[in-house]
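In the block that follows, a single chain appears as structure tokens, in the form predicted alone.
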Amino acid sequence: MTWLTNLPIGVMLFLALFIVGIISGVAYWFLHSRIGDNRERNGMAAAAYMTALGSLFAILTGFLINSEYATLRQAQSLVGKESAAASRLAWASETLPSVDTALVQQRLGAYLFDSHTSDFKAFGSSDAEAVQNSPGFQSMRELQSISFTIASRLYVVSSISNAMEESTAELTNVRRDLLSIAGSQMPLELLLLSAIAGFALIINALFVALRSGETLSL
């Protein structure tokens, strides 16, 4: 489902409306041509199922939305942690000699830029090699090397050294957790059940609406 979730929102909305419109149109044409004089009887029978089908569709869709929203909130929380860790590392490096400060902050800036421009795209790919070859991965290795090397120097006080090492480790952990989230997929079975329930609701509603004529059905 990666290809689906990577689509722009506008394209996803158009695709959903197009598919629903085609299925609804075909269902209307088929039912209108076959139902004949049994509209009233079939409509009354279908009306009894409207509440059940509507509730089933709402429950399944609610579970699906809640699942994806929980993933979104987790990703947003991790991005917040990444920002906090980057801020702590930048702040800790301010007390270093100017050359060391420039090195750390240049690597930090390069990592954040690469993470924003390449990592999220790589995370959305099912190709593990794309993640390993992402500029963000290389920038993280360089940032780790510079940060831990400078933090281990004798002239760096222990509090600054610990802050640099902890914030760098936090950045690494956040990237690992983001990669784990990106590897998760939308629950396909639940999506299919929601779609089936939705289409069943549409067809059932057509049975009910056909009792009142073509205009209301359309």
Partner chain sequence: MALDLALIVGISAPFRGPFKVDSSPVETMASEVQSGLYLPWVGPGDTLKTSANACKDDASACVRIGPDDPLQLAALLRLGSSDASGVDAYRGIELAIDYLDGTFDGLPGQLFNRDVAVWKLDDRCSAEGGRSGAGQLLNDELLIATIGTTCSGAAYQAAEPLFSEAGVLLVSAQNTAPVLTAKADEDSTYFRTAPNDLIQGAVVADFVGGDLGLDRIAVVSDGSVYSNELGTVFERKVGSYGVEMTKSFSVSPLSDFSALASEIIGEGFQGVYMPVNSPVCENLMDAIANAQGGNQLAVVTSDACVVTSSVSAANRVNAYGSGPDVTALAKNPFYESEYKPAYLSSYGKEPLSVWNTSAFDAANLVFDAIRRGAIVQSDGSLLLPRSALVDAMRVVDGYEGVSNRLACTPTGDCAQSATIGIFRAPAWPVGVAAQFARPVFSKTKTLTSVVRGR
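If you're wondering where the values come from, they're calculated on a predicted model, not measured in any experiment. Numbering follows the first chain given and starts at 1.
What follows is about the form predicted in complex with the partner chain, which we do not show.
A.B. asks: Just give me the single entry in Leu31, Ala169, Met186, Met50 that has a non-hydrogen atom within 4.5 angstroms of the partner chain in the predicted complex.
C.D. replies: After the contact test, the surviving option is Met186.
A.B. asks: Please determine whether Ile181 contacts the partner chain in the predicted complex, using a 4.5 Å cut-off between heavy atoms.
C.D. replies: Close contact exists here: in the predicted complex, Ile181 approaches the partner chain to within 4.5 Å, heavy atoms only.
A.B. asks: Please tell me whether any heavy atom belonging to Thr71 falls inside 4.5 Å of a heavy atom of the partner chain, as the geometry stands in the predicted complex.
C.D. replies: So Thr71 counts as contacting the partner chain.
A.B. asks: Residue-level question: is Thr61 within 4.5 Å of the partner chain in the predicted complex, judged on heavy atoms?
C.D. replies: Looking in the predicted complex, residue contacts with the partner chain include Thr61, since a heavy atom lies within 4.5 Å.
A.B. asks: Is there a non-hydrogen atom of Ser98 within 4.5 angstroms of a non-hydrogen atom of the partner chain in the predicted complex?
C.D. replies: Yes, contact at 4.5 Å.
A.B. asks: Honest question, do Ala86, Thr149 and Gly198 all end up within 4.5 Å of the partner chain in the predicted complex by heavy atom distance?
C.D. replies: Heavy-atom distance to the partner chain in the predicted complex: all three under 4.5 Å.
A.B. asks: Is any part of 95 to 112 within 4.5 angstroms of the partner chain in the predicted complex by a non-hydrogen atom, and which residues would that be?
C.D. replies: Counting only heavy atoms within 4.5 Å of the partner chain in the predicted complex, the contacting residues of 95 to 112 are Pro97, Ser98, Val99, Asp100, Thr101, Ala102, Leu103, Gln105, Gln106, Arg107, Leu108, Gly109, Ala110, Leu112.
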